[in-house]
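A single chain, nothing else alongside it, follows as structure tokens in the form predicted on its own.
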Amino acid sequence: MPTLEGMVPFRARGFAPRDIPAASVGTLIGLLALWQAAASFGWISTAFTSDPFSIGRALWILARSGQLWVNLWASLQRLAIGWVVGTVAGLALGLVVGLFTVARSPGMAVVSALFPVPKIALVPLFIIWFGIGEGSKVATLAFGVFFPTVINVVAGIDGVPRSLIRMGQAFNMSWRSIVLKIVLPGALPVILSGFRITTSTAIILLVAAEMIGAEKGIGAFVLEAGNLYDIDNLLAGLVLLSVIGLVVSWVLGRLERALLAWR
């Protein structure tokens, strides 16, 4: 007599899409090759754009002259400091708002009122407050990162299944243990996903801040190249920003795999 196992195939294989690094690299290389071919065969006009070979040559010249490293280091410093300051402050307020009733309504009211304000529009105000130096640029980045971080932390905490919290309470776990062992691990996936958004936001604000008032940095370099109609160097600066984004995304991906291995 056939068993139920033999009659019904096993279907519960789960849902776990995987990253294929070779596919990612192949896609980028394919796009670059298509771009180069389009420029070489005249499918696109090089009067208003460039091609990967010319951009690579511009990057090589910038690297040999040292100009690339000066601008890149200035931008990376601002990006790191501004993102860390905004993230730490956002994590602190997000935890307070997410965990304590007395802070939720006032905290979310302030966040909801200030979050929609365009951060780029505040750059002149930060220059007045903190000067034309590094303070205004770091403040712009930190302010832009702060509010999305608060919102993601609160959303992550609210998304933790309340049945798990009640189970912890049923086993007489302390409030501190519930927060550290149930709430924070449960909210961590949303918080880490938010980091990808805030890093992209920080890069956008970095370029805007450097274009308004900076002598060094990728944003200032791109603005200068655009004013001189130097397409190769302009696109070289944009490639640098893209590479920064790719590296940051890779680092965050590794961080997610390390911290979320329990899943």
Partner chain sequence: MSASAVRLTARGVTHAFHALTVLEGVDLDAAPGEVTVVIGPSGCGKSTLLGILGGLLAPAAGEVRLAGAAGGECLNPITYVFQDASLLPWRSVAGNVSLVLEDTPLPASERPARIAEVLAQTKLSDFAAAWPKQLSGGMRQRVGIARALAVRPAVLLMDEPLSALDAQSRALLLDDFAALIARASVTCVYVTHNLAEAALLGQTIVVLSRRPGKVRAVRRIEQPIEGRHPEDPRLLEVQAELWELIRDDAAKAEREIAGADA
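Computed from a predicted structure; not experimentally measured. Residue numbers count along the first chain shown, from 1.
What comes next is about the form predicted together with the partner chain, which does not appear here.
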query: Contact test, all of 125, 129 and 216, partner the partner chain in the predicted bound form, heavy atom 4.5 Å; finding: no
query: Interface segment, criterion being heavy atoms within 4.5 Å of the partner chain in the predicted bound form, picked from 157-165, 81-89, 139-147, 109-117; finding: 157-165
query: Non-hydrogen atom contact residue 104 with the partner chain in the predicted bound form at 4.5 angstroms; finding: no
query: Residue 177 within 4.5 Å of the partner chain in the predicted bound form, heavy atoms; finding: yes
query: 4.5 Å heavy atom contact, residue 99 to the partner chain in the predicted bound form; finding: no
query: Contact test in the predicted bound form: residue 95 vs the partner chain, heavy atoms, 4.5 Å; finding: no
query: Contact residue in the predicted bound form, from 72, 192, 151, 173 (heavy atom within 4.5 Å of the partner chain); finding: 173
query: The partner chain in the predicted bound form - contacting residues of 176-201, heavy atom within 4.5 Å; finding: 177, 181, 182, 185, 186
